[in-house]
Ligand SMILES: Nc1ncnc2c1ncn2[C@@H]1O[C@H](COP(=O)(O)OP(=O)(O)O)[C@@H](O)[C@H]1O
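In structure tokens, the next block holds one chain alone, the form predicted alone.
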């Protein structure tokens, strides 16, 4: 999988950009010049989602307002397993003048965002990805969802359906709370049965797939983290669903969830097995959910815990340990995605060297040797070995403009 061309119009600080490249790419420039924006644009092509923006209007260059119709366009051409892939995403303003409409085309045909995800796969590492360790559960769920949706379209459909059903079910639970109903009545059970069945149907797929993916991630992350820590730390990943989905006895599950022990084994889960346990949990906790007016159990309340030598990195890890664990997780994602799809995704690394010592830099560069296409940003080319630089296309980035460099020397 190789991205060969990137075209930007009014994306962030890029008014116009046409960039051809192949293989390894090294983007050098000072901060706030547009290096990260280039990585964001590529990831936008892969996922249709902005990395930093809360609203899509934030990624539209302010100079677009000078156009007759303000718009933003991101397009790319890639080679994937010998076939040509062309993706185009255009944002145009709605009638309110504030929000934007997103139009997606794949090889010239209009498609949905869900159809786009997984076409051009990418793994992105940003300095703020340390939030995967010290941030809230929502950060880690979002990470799992983006990775899995690129690998498994069925997961993406199940997640979307689950989210829609939860919204409807929460509305019903709030109504039941306001009516002060008897939670044990047959009428209440009948009202919730329709939404319970559909929520369990889709939620069980999400839970089983997340669990099995984390087991696979851990297998790769342990090796990468051992390298990055110089063999001093053993990394482990713990999936923490909101209820015991059935892979552990209840007593052991509670100890694992409370951080008092690690699971002895990590057995794979099936959606059918999770669904049975999930439905029983909802029936047993119906009164609690009505009082809360909210759905308390399901993948929307999952979490992921990362431990080094058995200690929770969110609570006890130094910044260096947390950063190494986040990087190991991303490199593990790269391997897991390659194995699942048969094609290595693009690897996008933003200023990854700045907080790594020399040993970790060397280990990371070694890990990149087998990656089909890596795009890396840096403020200092000296962070990379002469061999790495000679094997890469090098571009300078300044004020939304990109220029070719030759081994770190500006081209004439």
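Numbering follows the first chain given and starts at 1. Here the structure is a predicted model, which is why all the values come from computation and not from measurement.
A second form of this protein, the form predicted in complex with this ligand, is not displayed here; the remarks below concern that form.
Taking 343, 357, 58, 380 one by one, only a single residue has any non-hydrogen atom within 4.5 Å of this ligand in the predicted bound form, and it is 58. Among the residues 393, 13, 396, 9, the one placing a heavy atom within 4.5 Å of this ligand in the predicted bound form is 13. In the predicted bound form, at least one heavy atom of residue 33 sits within 4.5 Å of a heavy atom of this ligand. Picking from 43-51, 381-389, 365-373, 60-68 the stretch near this ligand in the predicted bound form, with a 4.5 Å limit on heavy atoms, gives 60-68.
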